[in-house]
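Only one chain is included here, represented as structure tokens and corresponding to the form predicted alone.
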């Protein structure tokens, strides 16, 4: 199956899942009130995140054909996303400043003068186009890795905290072993073994990033298993698996949501660090910053490449952190008690 078909199918599944999540939230008064309060408090940040999501979706839906004839004949026979089609034939020969009519070095006229909002890079690619393409990579790294790491942490942390004994000893030993290793070196070693593909980097980040939340889930489960309603369910003969599914996991959901949001920004920054070391994901903001670092030493300075990537990265992470703080204040029981 072709890659663009798989990508379109994944986008469809995600949209269906998002719609199901919205329906579930609307049916629950507790979650509906919580998210309404978050919307009131962080409306601007949520709108910014929605903008990034829209750009990422537009860059994920791709198909072959339908493009006008251009100078790149090969591209017309490849799957092109909606973002790609908006910037068809935007390639120039070399650097140009934002909205310039001539090349930055040499002064040769551009093929599309004044149309490059953020200028072009060393090989003439539109910087605004590259910045938009980076949104999909950032959301994929942050979202997919979180969706891998959080279930892994729950899989080990919840049974270890609930059953204790030998199982808890084994899980605690694994967590302590991973925590004692230098995280960056372990991450680089995994990427070297698995490869530099996007999925491989997501998997490597998940393997090295689940330990922190596993500790939190284990500790919270240790507390929950001693509460009265859990003891009452156990006395009534309710099976352990049903107690875990009906009583323990639902009371961890606020931690899951908060961790997902806060983990997201850390993972996006981790990918930027990997790109700085030369092992990041192609098309990411981190790679843009890595490729632009030598341009800052030129005279005159080519600043717009690193500025565009840095601003896009800063806007996403700041918005996610704002929403994460609002989620923590709204959903964390300890914060609610302190406010009361």
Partner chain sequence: MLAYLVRRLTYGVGVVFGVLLFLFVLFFTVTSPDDVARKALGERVPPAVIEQWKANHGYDQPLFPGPGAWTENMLFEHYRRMLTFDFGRSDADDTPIAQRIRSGMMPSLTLTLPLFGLSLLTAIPLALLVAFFRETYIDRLGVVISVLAMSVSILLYIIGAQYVVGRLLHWFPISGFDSDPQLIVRFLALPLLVGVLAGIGGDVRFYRTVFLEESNTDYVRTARAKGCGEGRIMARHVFRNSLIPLLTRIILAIPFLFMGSLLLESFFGIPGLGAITVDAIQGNDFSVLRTMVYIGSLLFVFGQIVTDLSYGLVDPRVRLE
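Positions refer to the first chain, counted from 1. Just so you know, these numbers come straight off a predicted model, no measurement behind them.
In what follows, reference is made to the form predicted together with its partner chain, a form of this protein that is not presented.
With its partner chain left out of view, the stretch that reaches within 4.5 Å of it through heavy atoms in the predicted complex is, among 89-97, 153-161, 186-194, 119-127, 186-194. The closest heavy atom approach of residue 301 to its partner chain in the predicted complex falls within 4.5 Å. Using a 4.5 angstroms limit between non-hydrogen atoms, residue 104 is distant from its partner chain in the predicted complex. Heavy atoms of residue 231 never reach within 4.5 Å of its partner chain in the predicted complex, leaving it off the interface. In the predicted complex, residue 283 stays away from its partner chain, with no heavy atom inside 4.5 Å.
This chain lacks the partner; the member of 199, 227, 181, 82 within 4.5 angstroms of its partner chain in the predicted complex by a non-hydrogen atom is 181. The candidate spot formed by 172, 273 and 306 is fully in contact with its partner chain in the predicted complex: every one of the three has a heavy atom within 4.5 Å. For the stretch 287-305, the set of residues having any non-hydrogen atom within 4.5 angstroms of its partner chain in the predicted complex comprises 289, 292, 293, 296, 297, 298, 299, 301, in sequence order.
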